[in-house]
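This document starts with one chain, in the form predicted on its own, laid out as C-alpha cells.
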Amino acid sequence: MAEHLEIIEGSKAERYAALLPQIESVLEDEPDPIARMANMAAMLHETFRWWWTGFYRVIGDELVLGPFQGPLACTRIRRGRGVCGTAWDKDETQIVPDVDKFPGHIACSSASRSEIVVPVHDAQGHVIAVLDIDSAELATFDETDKEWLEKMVKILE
C-alpha cells in the first residue's frame, strides 16, 4: 500500500485520471467498507482540497454520517431532505452550483457554497451510501466531476 499520496498536478480530468488507479490500489485488498470509504474520502480531499469530503451511510430510514475529511458535519439526514437526501431518494448524482438556491438545503456550514453528491450502490443496486463533497467556492462541480466520481464510487460497490 502507498504510504502517502502522490502530488497530482494538471487539469481536473488529469488529476482524476491519475488518482483513480491510486484509489484502486489502496482499496483492492481492504474488505471493510468503512475503511474503504475513509481512505477514498482522504485521498479525494487531499488531491482536490475541497471544503468537506465524506460519506453518509444509509442506516434504516436515514443517512448517518460516515468517514469524512473536513470540519464538523451534520450527523443524520432524512431521505429526500437536502442535497444528500435528494441524491439518495432520486438515486442520481446531484450537482449544486449554489447551495443557497437548492430548495431545502441543509446548512451544516455557512462556508459551503457548492456541492456534489453521488449515490453508492450495493451489488443488488440499492443505495447504501452517498459521497458528499462541498466546496467553499460557487460552481465548483460539473460533468467532469460527476463522471469521475461515479467511476470512483463504483470501486466501493
Ligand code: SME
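Here the structure is a predicted model, which means the values were calculated and not measured. Position 1 is the first residue in the sequence shown; the rest follow in order.
As for the form predicted together with the ligand, it is not shown, yet the points below apply to it.
Engineer: Since the chain is shown here on its own, which stretch among 129-137, 144-152, 7-15, 20-28 would lie within 4.5 Å of the ligand in the predicted bound form, judged by heavy atoms?
Structural biologist: Among the candidates, contact is made by 129-137.
Engineer: For the ligand, considered in the predicted bound form: do all three of V64, W88 and V120 come within 4.5 Å of it, counting heavy atoms only?
Structural biologist: No residue of the spot touches the ligand in the predicted bound form.
Engineer: So in the predicted bound form, does any heavy atom of H105 sit within 4.5 Å of the ligand?
Structural biologist: So H105 counts as contacting the ligand.
Engineer: Within 4.5 Å, heavy atoms only: does W52 come near the ligand in the predicted bound form?
Structural biologist: Within the cut-off, so yes.
Engineer: Only counting heavy atoms and a 4.5 Å limit, does any residue of 110-127 reach the ligand in the predicted bound form, and if so which ones?
Structural biologist: Read in sequence order, the lone residue that approaches the ligand (within 4.5 Å, in the predicted bound form) is E115.
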